[in-house]
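The data below hold one chain only, encoded as structure tokens and taken in the form predicted alone.
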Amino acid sequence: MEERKRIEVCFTPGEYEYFKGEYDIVVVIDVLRATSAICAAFDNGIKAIIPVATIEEAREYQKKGYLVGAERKGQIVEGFDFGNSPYSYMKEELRGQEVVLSTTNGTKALSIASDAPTVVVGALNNLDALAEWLAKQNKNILCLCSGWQDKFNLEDTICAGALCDQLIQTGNYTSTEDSSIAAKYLYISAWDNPLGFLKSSSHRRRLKNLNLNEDIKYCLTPNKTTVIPILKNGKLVKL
């Protein structure tokens, strides 16, 4: 019998060093809101997204005439076209465009993971489609949670736990790290009511204080899309 592949969870980009090099596929997750917005963008027909880690890089692209989204601590950075609200990517004028994005947590995680053989974007809104695709790859997978400023967060961990659970149920995958087992059980206990469970999460409170309730609802609604964004030569494109 063929040995089962592993699916594991890394809680924050700061812990990525401990997992690096062991996985063929890294799934970057930032539920509130970068990876949810990226999925929404491709669902809306955007051509490509160039993720950059710093505001300086974002400004360089802006000088070259690119449309640039930049967010820090939940708010649009002054002087940029948009932040990381999924709704800002649903505009007609963005269809077929190549845009640049820099966010507090998500694009940092993408940058850190960019050395992996395959990097894809995961969120609750593309959960089932992503799980189905991952299951067919038959490769070792790491779910990299973006967290909040290198700290653990609930929503990314629950999303990673959902992916672990779905893949383990195929019988072809296993998880051996405590972080993965914890994520899976957190997901199982939250799943009856993810919105209720995440009501007390720190980043949800942060966004609520910024009157971003519609964004929260969108990002915490599973399976709104079947798109899977993948990193190719420094750009995210639709798989």
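In this text, residue numbers run from 1 along the sequence as written. Bear in mind the structure is a predicted one, so any value in this text is a computation, not a measurement.
There is also a form predicted together with a small molecule; it is not shown, and the following applies to it.
Of the stretches 165-173, 137-145, 105-113, 119-127, only 105-113 has residues with a heavy atom within 4.5 Å of the small molecule in the model of the complex.
For V28, no non-hydrogen atom is located within 4.5 Å of the small molecule in the model of the complex, even though that partner is not displayed. Taking the partner from the other structure, the small molecule in the model of the complex has a heavy atom within 4.5 Å of a heavy atom of H203. The shortest heavy atom separation between L207 and the small molecule in the model of the complex is within 4.5 Å. Using a 4.5 Å cutoff between non-hydrogen atoms, A41 does not count as a contact of the small molecule in the model of the complex.
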